[in-house]
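Just the one chain here, the form predicted on its own, laid out as C-alpha coordinates.
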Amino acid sequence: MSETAIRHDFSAEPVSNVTGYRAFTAGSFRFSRDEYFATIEWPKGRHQMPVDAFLRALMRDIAWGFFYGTVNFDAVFGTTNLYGQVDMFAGRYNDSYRAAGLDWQERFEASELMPLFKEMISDWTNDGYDPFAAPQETDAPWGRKNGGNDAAVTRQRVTARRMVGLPGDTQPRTDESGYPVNRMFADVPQDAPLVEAEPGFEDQVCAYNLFAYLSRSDVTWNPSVCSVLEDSLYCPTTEEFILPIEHGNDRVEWFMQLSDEITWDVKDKETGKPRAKVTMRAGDIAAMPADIRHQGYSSKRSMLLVWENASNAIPEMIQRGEAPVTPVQF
(Lines give C-alpha, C1' and ligand atoms only; values in the text may rest on other atoms or scores of the structure.)
Protein backbone atom coordinates (compact mmCIF):
# COMPACT_ATOMS: atom_id res chain seq x y z
CA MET A 1 0.00 0.00 0.00
CA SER A 2 1.16 3.53 -0.71
CA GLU A 3 0.20 6.34 1.64
CA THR A 4 1.66 9.70 0.74
CA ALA A 5 1.86 13.04 2.49
CA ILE A 6 -1.20 15.24 2.27
CA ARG A 7 -1.94 15.96 -1.39
CA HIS A 8 -2.99 19.36 -2.72
CA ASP A 9 -2.98 18.73 -6.47
CA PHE A 10 -6.42 18.74 -8.08
CA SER A 11 -7.48 19.31 -11.66
CA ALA A 12 -10.39 19.05 -14.08
CA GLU A 13 -9.57 18.13 -17.65
CA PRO A 14 -11.24 19.66 -20.72
CA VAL A 15 -14.57 18.31 -21.87
CA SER A 16 -14.29 15.05 -23.81
CA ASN A 17 -15.10 15.42 -27.49
CA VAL A 18 -16.63 11.93 -27.42
CA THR A 19 -18.87 11.82 -24.33
CA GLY A 20 -19.09 15.47 -23.31
CA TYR A 21 -17.90 14.77 -19.74
CA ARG A 22 -14.81 16.09 -17.99
CA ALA A 23 -12.23 13.93 -16.22
CA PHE A 24 -10.93 14.85 -12.75
CA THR A 25 -7.67 14.28 -10.91
CA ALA A 26 -7.02 14.25 -7.15
CA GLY A 27 -3.43 13.42 -6.29
CA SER A 28 -2.61 10.16 -8.08
CA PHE A 29 -6.28 9.29 -8.63
CA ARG A 30 -7.98 10.02 -11.95
CA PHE A 31 -11.76 9.84 -12.46
CA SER A 32 -13.51 9.64 -15.83
CA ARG A 33 -16.91 8.53 -17.07
CA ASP A 34 -18.42 7.35 -20.32
CA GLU A 35 -21.98 6.48 -21.25
CA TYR A 36 -22.22 3.59 -18.76
CA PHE A 37 -19.25 3.49 -16.38
CA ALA A 38 -17.16 5.56 -13.99
CA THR A 39 -13.47 4.66 -14.22
CA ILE A 40 -11.01 5.18 -11.37
CA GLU A 41 -7.28 4.95 -12.06
CA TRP A 42 -4.31 5.04 -9.68
CA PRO A 43 -0.62 4.14 -10.10
CA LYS A 44 -1.18 0.44 -9.46
CA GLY A 45 -4.56 -0.21 -10.97
CA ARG A 46 -7.77 0.69 -12.78
CA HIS A 47 -11.34 0.05 -11.59
CA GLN A 48 -14.77 0.52 -13.15
CA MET A 49 -18.19 0.99 -11.54
CA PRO A 50 -21.63 1.38 -13.18
CA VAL A 51 -22.03 5.14 -13.26
CA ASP A 52 -25.39 5.09 -11.45
CA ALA A 53 -23.83 3.26 -8.49
CA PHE A 54 -20.85 5.62 -8.47
CA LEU A 55 -23.02 8.74 -8.55
CA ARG A 56 -25.33 7.51 -5.78
CA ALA A 57 -22.29 6.76 -3.58
CA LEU A 58 -20.57 10.03 -4.45
CA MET A 59 -23.76 11.94 -3.63
CA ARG A 60 -23.88 10.46 -0.11
CA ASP A 61 -20.18 11.09 0.49
CA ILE A 62 -20.79 14.74 -0.39
CA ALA A 63 -24.07 15.12 1.50
CA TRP A 64 -22.68 13.48 4.65
CA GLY A 65 -19.43 15.45 4.66
CA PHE A 66 -17.50 12.14 4.30
CA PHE A 67 -19.61 10.70 7.17
CA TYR A 68 -18.31 8.71 10.14
CA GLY A 69 -15.53 6.27 9.37
CA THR A 70 -15.31 4.73 5.92
CA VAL A 71 -17.55 5.21 2.89
CA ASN A 72 -16.91 2.23 0.61
CA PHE A 73 -18.32 3.05 -2.83
CA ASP A 74 -17.98 -0.68 -3.51
CA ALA A 75 -15.51 -3.45 -2.59
CA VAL A 76 -12.55 -1.49 -4.00
CA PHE A 77 -12.84 2.31 -3.82
CA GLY A 78 -13.82 4.71 -1.07
CA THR A 79 -12.93 7.38 1.50
CA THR A 80 -12.18 7.41 5.22
CA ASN A 81 -13.04 10.48 7.27
CA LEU A 82 -10.28 11.69 9.59
CA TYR A 83 -12.35 14.74 10.58
CA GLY A 84 -10.50 17.55 8.84
CA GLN A 85 -8.58 15.24 6.53
CA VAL A 86 -9.72 12.38 4.28
CA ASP A 87 -7.98 9.22 3.11
CA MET A 88 -8.98 8.21 -0.42
CA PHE A 89 -8.20 4.59 -1.21
CA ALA A 90 -8.40 1.81 -3.77
CA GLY A 91 -8.17 -1.77 -2.52
CA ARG A 92 -7.26 -0.72 1.04
CA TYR A 93 -10.13 -2.76 2.54
CA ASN A 94 -9.96 -5.62 0.06
CA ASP A 95 -7.96 -8.75 0.89
CA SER A 96 -7.24 -9.64 -2.74
CA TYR A 97 -5.96 -6.19 -3.71
CA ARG A 98 -3.73 -6.01 -0.65
CA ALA A 99 -2.33 -9.50 -1.22
CA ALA A 100 -1.51 -8.57 -4.83
CA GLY A 101 0.08 -5.27 -3.81
CA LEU A 102 -2.43 -3.26 -5.84
CA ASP A 103 -3.90 -1.20 -3.00
CA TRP A 104 -3.29 2.54 -2.84
CA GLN A 105 -4.17 5.29 -0.38
CA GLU A 106 -3.59 9.04 -0.26
CA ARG A 107 -4.52 11.72 2.26
CA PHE A 108 -6.22 15.02 1.45
CA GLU A 109 -7.52 18.04 3.28
CA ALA A 110 -11.29 17.55 3.44
CA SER A 111 -11.90 21.19 2.57
CA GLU A 112 -9.88 20.75 -0.65
CA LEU A 113 -11.24 17.36 -1.76
CA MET A 114 -14.90 18.24 -1.24
CA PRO A 115 -15.04 20.99 -3.95
CA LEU A 116 -13.62 18.53 -6.51
CA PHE A 117 -16.26 15.93 -5.59
CA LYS A 118 -18.99 18.56 -5.93
CA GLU A 119 -17.67 19.67 -9.31
CA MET A 120 -17.54 16.04 -10.46
CA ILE A 121 -21.10 15.18 -9.51
CA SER A 122 -22.38 18.40 -11.09
CA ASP A 123 -20.64 17.62 -14.38
CA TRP A 124 -21.52 13.91 -14.45
CA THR A 125 -25.22 14.20 -13.50
CA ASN A 126 -27.49 14.57 -16.52
CA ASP A 127 -30.80 16.37 -16.80
CA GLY A 128 -33.56 14.38 -15.13
CA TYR A 129 -31.31 12.12 -13.07
CA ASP A 130 -31.39 12.44 -9.28
CA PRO A 131 -28.77 10.35 -7.40
CA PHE A 132 -30.69 10.94 -4.15
CA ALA A 133 -33.90 9.35 -5.45
CA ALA A 134 -35.13 5.78 -5.65
CA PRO A 135 -34.72 4.27 -9.16
CA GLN A 136 -38.48 4.48 -9.85
CA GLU A 137 -38.47 8.19 -9.04
CA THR A 138 -35.79 9.39 -11.43
CA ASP A 139 -34.66 9.24 -15.03
CA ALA A 140 -31.60 7.18 -15.99
CA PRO A 141 -28.02 8.50 -15.77
CA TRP A 142 -26.79 6.75 -18.90
CA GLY A 143 -25.61 8.26 -22.16
CA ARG A 144 -23.57 11.22 -23.26
CA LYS A 145 -23.58 14.56 -21.50
CA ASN A 146 -27.08 16.05 -21.47
CA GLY A 147 -27.57 19.15 -19.34
CA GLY A 148 -27.40 18.83 -15.56
CA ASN A 149 -29.45 18.67 -12.37
CA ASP A 150 -27.76 20.96 -9.85
CA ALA A 151 -31.06 21.46 -8.02
CA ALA A 152 -30.89 17.80 -7.00
CA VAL A 153 -27.18 17.40 -6.30
CA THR A 154 -26.87 20.59 -4.24
CA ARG A 155 -29.59 19.65 -1.73
CA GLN A 156 -28.49 20.36 1.82
CA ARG A 157 -28.78 17.65 4.45
CA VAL A 158 -31.53 18.70 6.86
CA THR A 159 -29.97 19.24 10.28
CA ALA A 160 -31.67 20.45 13.46
CA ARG A 161 -29.86 22.30 16.22
CA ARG A 162 -32.36 20.98 18.76
CA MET A 163 -35.47 18.79 18.63
CA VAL A 164 -37.70 19.41 15.63
CA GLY A 165 -40.67 21.58 16.58
CA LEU A 166 -38.86 23.77 19.09
CA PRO A 167 -37.98 27.37 18.20
CA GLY A 168 -34.59 27.53 16.51
CA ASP A 169 -34.58 23.94 15.28
CA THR A 170 -33.83 25.25 11.73
CA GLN A 171 -36.01 22.55 10.13
CA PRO A 172 -39.29 23.06 8.24
CA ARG A 173 -42.42 21.83 10.01
CA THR A 174 -44.06 18.84 8.35
CA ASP A 175 -47.21 20.82 7.62
CA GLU A 176 -45.31 23.82 6.23
CA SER A 177 -42.49 22.19 4.30
CA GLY A 178 -44.22 22.03 0.95
CA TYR A 179 -42.93 18.50 0.39
CA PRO A 180 -45.68 16.11 -0.77
CA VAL A 181 -46.25 12.77 0.92
CA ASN A 182 -44.19 10.11 -0.85
CA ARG A 183 -46.05 7.66 -3.07
CA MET A 184 -45.20 4.74 -0.73
CA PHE A 185 -46.37 6.52 2.42
CA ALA A 186 -49.85 7.52 1.27
CA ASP A 187 -51.36 5.61 4.22
CA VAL A 188 -49.32 7.43 6.89
CA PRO A 189 -51.56 9.63 9.12
CA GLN A 190 -50.64 13.31 8.97
CA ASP A 191 -52.28 14.44 12.20
CA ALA A 192 -50.14 16.29 14.74
CA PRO A 193 -50.14 15.69 18.49
CA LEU A 194 -51.77 18.22 20.79
CA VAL A 195 -49.36 19.91 23.20
CA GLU A 196 -50.61 21.93 26.17
CA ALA A 197 -47.51 23.41 27.78
CA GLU A 198 -47.53 25.09 31.16
CA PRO A 199 -47.23 28.87 30.86
CA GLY A 200 -43.60 29.87 30.49
CA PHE A 201 -42.57 26.53 28.96
CA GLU A 202 -43.99 27.02 25.47
CA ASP A 203 -40.53 27.18 23.88
CA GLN A 204 -39.27 24.09 25.75
CA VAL A 205 -42.03 21.52 25.28
CA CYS A 206 -43.21 20.22 21.91
CA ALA A 207 -44.22 17.12 20.00
CA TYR A 208 -44.56 16.26 16.34
CA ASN A 209 -45.57 13.33 14.16
CA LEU A 210 -42.26 11.72 13.16
CA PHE A 211 -43.99 9.34 10.74
CA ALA A 212 -45.65 12.28 8.97
CA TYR A 213 -42.32 14.09 8.93
CA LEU A 214 -40.56 11.13 7.30
CA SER A 215 -43.42 10.45 4.89
CA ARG A 216 -42.54 13.74 3.17
CA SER A 217 -38.86 12.93 2.64
CA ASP A 218 -37.91 13.36 -1.02
CA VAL A 219 -34.59 11.52 -0.68
CA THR A 220 -33.49 7.98 0.18
CA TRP A 221 -30.63 6.79 2.39
CA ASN A 222 -29.84 10.32 3.59
CA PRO A 223 -30.42 10.73 7.34
CA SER A 224 -31.65 14.07 8.57
CA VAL A 225 -30.92 15.14 12.15
CA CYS A 226 -34.16 15.65 14.05
CA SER A 227 -32.88 16.00 17.63
CA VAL A 228 -29.60 17.01 19.23
CA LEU A 229 -28.53 16.54 22.85
CA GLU A 230 -24.82 17.30 23.21
CA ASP A 231 -23.17 14.57 21.06
CA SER A 232 -26.33 12.44 20.79
CA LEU A 233 -28.01 12.70 17.39
CA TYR A 234 -31.29 11.11 16.29
CA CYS A 235 -31.08 10.72 12.52
CA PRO A 236 -34.25 9.32 10.89
CA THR A 237 -34.29 8.48 7.21
CA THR A 238 -36.35 6.74 4.53
CA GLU A 239 -34.84 3.80 2.67
CA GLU A 240 -35.71 2.30 -0.70
CA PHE A 241 -33.68 0.03 -3.00
CA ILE A 242 -30.00 -0.27 -1.89
CA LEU A 243 -27.85 1.75 0.47
CA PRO A 244 -25.43 3.14 -2.15
CA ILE A 245 -22.35 2.51 -0.01
CA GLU A 246 -20.91 -0.04 2.38
CA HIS A 247 -20.49 1.99 5.55
CA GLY A 248 -17.41 1.06 7.56
CA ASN A 249 -18.09 2.11 11.13
CA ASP A 250 -15.59 3.82 13.43
CA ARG A 251 -18.06 3.74 16.34
CA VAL A 252 -21.12 1.75 17.38
CA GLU A 253 -24.21 2.76 15.42
CA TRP A 254 -27.76 2.01 16.64
CA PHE A 255 -30.67 1.26 14.28
CA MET A 256 -34.38 1.22 15.11
CA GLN A 257 -36.64 -0.06 12.33
CA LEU A 258 -39.75 2.15 12.38
CA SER A 259 -41.66 0.58 9.49
CA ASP A 260 -41.51 -2.20 6.91
CA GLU A 261 -38.25 -4.16 6.48
CA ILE A 262 -34.55 -3.81 5.70
CA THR A 263 -32.04 -6.62 5.14
CA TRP A 264 -28.44 -5.83 6.06
CA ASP A 265 -25.29 -7.47 4.75
CA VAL A 266 -22.66 -7.15 7.47
CA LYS A 267 -18.98 -7.67 6.61
CA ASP A 268 -15.61 -7.37 8.30
CA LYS A 269 -14.45 -3.76 7.97
CA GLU A 270 -10.84 -4.57 7.12
CA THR A 271 -11.23 -7.55 4.79
CA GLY A 272 -14.77 -7.35 3.43
CA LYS A 273 -15.48 -10.96 4.44
CA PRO A 274 -19.15 -11.68 5.29
CA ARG A 275 -19.97 -11.73 9.01
CA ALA A 276 -23.78 -11.68 9.26
CA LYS A 277 -27.05 -11.08 7.47
CA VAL A 278 -29.61 -9.18 9.55
CA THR A 279 -33.29 -8.78 8.69
CA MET A 280 -34.95 -5.94 10.59
CA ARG A 281 -38.73 -5.53 10.74
CA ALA A 282 -40.79 -2.77 12.33
CA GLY A 283 -39.92 -2.53 16.03
CA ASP A 284 -36.55 -4.27 15.74
CA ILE A 285 -33.43 -2.63 17.20
CA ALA A 286 -29.86 -3.51 16.25
CA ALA A 287 -26.38 -2.19 17.00
CA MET A 288 -23.81 -2.14 14.22
CA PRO A 289 -20.35 -2.69 15.80
CA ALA A 290 -17.38 -0.41 15.22
CA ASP A 291 -15.37 -3.07 13.37
CA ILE A 292 -17.78 -3.88 10.53
CA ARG A 293 -19.15 -2.47 7.29
CA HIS A 294 -22.81 -2.75 6.36
CA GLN A 295 -25.11 -2.29 3.36
CA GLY A 296 -28.91 -2.39 3.44
CA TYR A 297 -31.65 -3.50 1.04
CA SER A 298 -35.24 -2.24 1.27
CA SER A 299 -37.80 -3.55 -1.22
CA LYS A 300 -40.47 -1.10 -0.06
CA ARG A 301 -39.67 2.39 1.14
CA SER A 302 -39.17 2.06 4.87
CA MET A 303 -38.46 4.30 7.85
CA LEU A 304 -35.32 3.88 9.93
CA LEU A 305 -34.08 5.78 12.98
CA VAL A 306 -30.31 5.91 13.31
CA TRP A 307 -28.83 6.97 16.64
CA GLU A 308 -25.30 8.37 16.45
CA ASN A 309 -22.85 9.50 19.09
CA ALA A 310 -21.11 12.24 17.14
CA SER A 311 -18.12 12.64 19.45
CA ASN A 312 -14.87 12.69 17.47
CA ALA A 313 -13.10 11.24 20.51
CA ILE A 314 -14.68 7.81 20.08
CA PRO A 315 -12.57 6.50 17.14
CA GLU A 316 -9.35 7.31 19.00
CA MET A 317 -10.68 5.70 22.19
CA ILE A 318 -11.51 2.52 20.24
CA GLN A 319 -8.06 2.47 18.64
CA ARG A 320 -6.45 2.79 22.08
CA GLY A 321 -8.64 0.02 23.48
CA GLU A 322 -10.43 2.40 25.84
CA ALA A 323 -13.86 1.83 24.29
CA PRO A 324 -15.42 -1.41 23.03
CA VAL A 325 -16.34 -2.10 19.40
CA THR A 326 -19.69 -3.57 20.55
CA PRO A 327 -22.14 -2.07 23.06
CA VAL A 328 -22.70 -5.37 24.88
CA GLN A 329 -20.34 -8.26 25.67
CA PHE A 330 -22.13 -11.63 25.79
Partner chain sequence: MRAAQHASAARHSAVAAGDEETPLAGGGYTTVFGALNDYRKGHIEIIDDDPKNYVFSNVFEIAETCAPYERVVAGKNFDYVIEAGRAERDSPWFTNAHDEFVLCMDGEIEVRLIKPEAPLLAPDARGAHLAGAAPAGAKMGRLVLRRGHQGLLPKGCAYQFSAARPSVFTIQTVLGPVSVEKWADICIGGGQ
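Positions refer to the first chain, counted from 1. In this text the structure is predicted, and so the values were computed from the model without any measurement.
Just so it is clear, the following notes concern the form predicted together with the partner chain, a form of the same protein that is not shown.
- Proximity to the partner chain in the predicted bound form holds for all of 188, 193 and 229, with the criterion being a heavy atom within 4.5 Å.
- Proximity to the partner chain in the predicted bound form, taken as a non-hydrogen atom within 4.5 angstroms, holds for one residue of 100, 151, 140, 205, which is 205.
- The contact with the partner chain in the predicted bound form, taken as any heavy atom within 4.5 Å, belongs to 289 out of 45, 289, 50, 69.
- Stretch-level contact check against the partner chain in the predicted bound form with heavy atoms at 4.5 Å: of 106 to 114, 142 to 150, 157 to 165, 83 to 91, the positive one is 157 to 165.
- At least one heavy atom of residue 274 is located within 4.5 Å of the partner chain in the predicted bound form.
- Contact annotation for residue 65: none of its heavy atoms lies within 4.5 Å of the partner chain in the predicted bound form.
- Although the partner is absent from this view, residue 10 stays clear of the partner chain in the predicted bound form, with no non-hydrogen atom inside 4.5 angstroms.
- In the predicted bound form, residue 242 stays away from the partner chain, with no heavy atom inside 4.5 Å.
- For the stretch 239 to 267, the set of residues having any non-hydrogen atom within 4.5 angstroms of the partner chain in the predicted bound form comprises 252, 254, 256, 258, 259, 260, 261, 266, in sequence order.
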